[in-house]
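Take a look at this one chain, the form predicted alone, written out in structure tokens.
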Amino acid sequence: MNATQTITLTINGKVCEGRAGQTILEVATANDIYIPTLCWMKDRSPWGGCRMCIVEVAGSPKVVPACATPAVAGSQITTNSPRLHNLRRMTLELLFSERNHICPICPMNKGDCGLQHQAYLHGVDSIRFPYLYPALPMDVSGRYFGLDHNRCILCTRCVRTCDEIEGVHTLDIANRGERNLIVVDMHATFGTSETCTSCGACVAACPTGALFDKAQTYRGKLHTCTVVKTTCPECPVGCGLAVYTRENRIVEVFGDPESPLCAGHLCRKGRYETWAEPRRRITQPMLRHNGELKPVSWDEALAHIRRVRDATPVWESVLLASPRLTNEAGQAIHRVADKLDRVGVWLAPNEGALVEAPEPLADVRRQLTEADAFILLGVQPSRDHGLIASYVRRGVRQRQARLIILNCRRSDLDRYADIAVREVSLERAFWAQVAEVLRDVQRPVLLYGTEAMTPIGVAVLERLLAVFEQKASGEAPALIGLPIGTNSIGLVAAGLEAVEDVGSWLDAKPVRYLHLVLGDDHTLGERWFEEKYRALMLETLDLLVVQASYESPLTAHAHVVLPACTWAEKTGTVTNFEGRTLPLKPVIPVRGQARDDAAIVEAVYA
């Protein structure tokens, strides 16, 4: 096949091999030949706008952009010459003169700026052109990041990333000539955008700091940071994180390009909720005395728990865990389960059927990237699994994949759907419409969630499978179940009981001792009080122990608070929705007197 044909060309006198269809830049890079770039990014469509990667082709009077020019067998390429150097330097000088690049006060100064780096390489120490000094605005209305047009070089890396990776096309270029600007939703702002998902991929793509993370600004130079790779704790997808740290604090979080499913892309949760949300940290044990929580030592806190438990030996003791805990913490809880009356993990309604003995999934990324139809049944990927939502958007917008949404709440995906209904009709006309939409598909993917586990959801699933059985050609859909809890699968596999209705579970017998193992879960402390009876139930307890990383309404009601490590301080593993075991590695030292969840559980029930 032509796509795999090997070609040979000469670059700077070196004979290089490549594949038909590759660009000159790709062949040069594969053969360890450096060509400067600014607008080019791996896995993005080439643009050729910055002209930094221009090269000379023997026999042609023109220079061509290596990133957008196909490599031709037998051609002779020159990547370095006085002519090319002068042209590239002139390009850099024009870029510096066009906007207000004031390097000394820019947080990207001295190491992190792609424009500045190329200026150093090309010996730019002065500008021969008059500075334009345009009066350009800043947009800092977004929650996590801002846009400073003064630093923008219009490389369109952010535009192409937003369109091709996140799949929303929030960003674009408006106006003409020197008035060109990157715009949000055609002259909206990040704060008012109806399409921006706050994934931050545009910020990660920006080479100059025109797009910048508010929480990262002036925390330190990225190139001087320590980088640790770990796993995102925010959902069961299990994306890889590359965490940049300096002076024992997180400076920035990016996606790990080597992560098998995310390939470097993150959603809002992984990119920002892991570190850029302000939360009040618990760093030492606390014991309630005269109605107020007071700091105490670990020995005092543990002794108080044992003293109260021993004083009332006949009572119902319960431990309820967050689904964010590691496998190791789940195993530690299972080992001490015989010292308690009941032990469970708090799941979302109907999630138990998804996580009890699930079948391992294979080739999920390939299935998502090749799908020509997506069927969403009782799942909320835009809310719960942001990376999966980006795959759906890309498939619909770039490959014209079909999209059917059934039994799901409204979301941004509805605008791309061929069919989107909240309540599924059982009438023939509706299912005939579904069959028509799916008539020619060959590689369908069915994404199903907790609402697919209800009687109605199961009935709809059976109808869908019947549609595919009646098709004359094409494959049956790839079935991908998406739970909600980060490590629900791993904790249930460790032997913890799946608890969906906490009220009924706790009311089975009057509870006098309750140990809530929240870890670094920043949602359960709020969710507990969504039902009034849960708040009332706390008043009946003889002892409430809350093991947590952050302050919450639950810690405010606790008799004893035990400080737990956050995801950034943990060592362990989690099991993602595919059934893969993924590592958690500590990226910063443990703060204060916090301890790992497993160690705390073992100490409490020693």
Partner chain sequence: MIRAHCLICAGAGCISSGAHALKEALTAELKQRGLDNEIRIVETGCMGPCDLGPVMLVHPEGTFYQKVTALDVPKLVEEHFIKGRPYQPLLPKEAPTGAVVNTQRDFTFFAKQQKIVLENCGLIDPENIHEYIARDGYAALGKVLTSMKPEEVIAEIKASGLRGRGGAGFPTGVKWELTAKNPVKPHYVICNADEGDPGAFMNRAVLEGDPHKIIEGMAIGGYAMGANNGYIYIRAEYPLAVKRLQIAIQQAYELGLLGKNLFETGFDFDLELRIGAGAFVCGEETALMRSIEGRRGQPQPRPPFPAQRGLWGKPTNINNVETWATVPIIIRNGASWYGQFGTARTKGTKVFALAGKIRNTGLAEVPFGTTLRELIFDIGGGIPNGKKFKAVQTGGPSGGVIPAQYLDTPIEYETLQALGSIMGSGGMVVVDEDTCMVDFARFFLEFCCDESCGKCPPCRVGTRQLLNILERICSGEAELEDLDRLEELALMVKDASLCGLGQTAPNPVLTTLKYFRDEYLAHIVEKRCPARVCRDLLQFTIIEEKCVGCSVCARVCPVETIFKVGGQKKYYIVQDKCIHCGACLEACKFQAINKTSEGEGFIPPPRPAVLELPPGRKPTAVVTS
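Numbering follows the first chain given and starts at 1. Given the structure is predicted, the values throughout are model-derived calculations rather than measurements.
One more form of this protein, predicted in complex with its partner chain, exists but is not displayed; see below.
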Heavy atoms within 4.5 Å of its partner chain in the predicted bound form: which of the stretches 517 to 525, 123 to 131, 339 to 347, 440 to 448 has them?
123 to 131
The one residue among H187, R428, R179, H223 placing a heavy atom within 4.5 Å of its partner chain in the predicted bound form is R179
State the residue from T91, S382, S317, N150 whose non-hydrogen atoms include one within 4.5 Å of its partner chain in the predicted bound form.
T91
Against its partner chain in the predicted bound form, would E98 count as a contact residue? Criterion: heavy atoms within 4.5 Å.
yes
With the partner left out of view, is Y550 within 4.5 angstroms of its partner chain in the predicted bound form by any non-hydrogen atom?
no
Any of the heavy atoms of G579 lying within 4.5 Å of its partner chain in the predicted bound form?
no
Classify G48 as contacting or not contacting its partner chain in the predicted bound form by the rule of any non-hydrogen atom within 4.5 angstroms, answering yes or no.
yes
Given a 4.5 Å distance limit between heavy atoms, list every residue of 144 to 176 close to its partner chain in the predicted bound form, or none if there are none.
I153, L154, D172, I173, A174, N175, R176
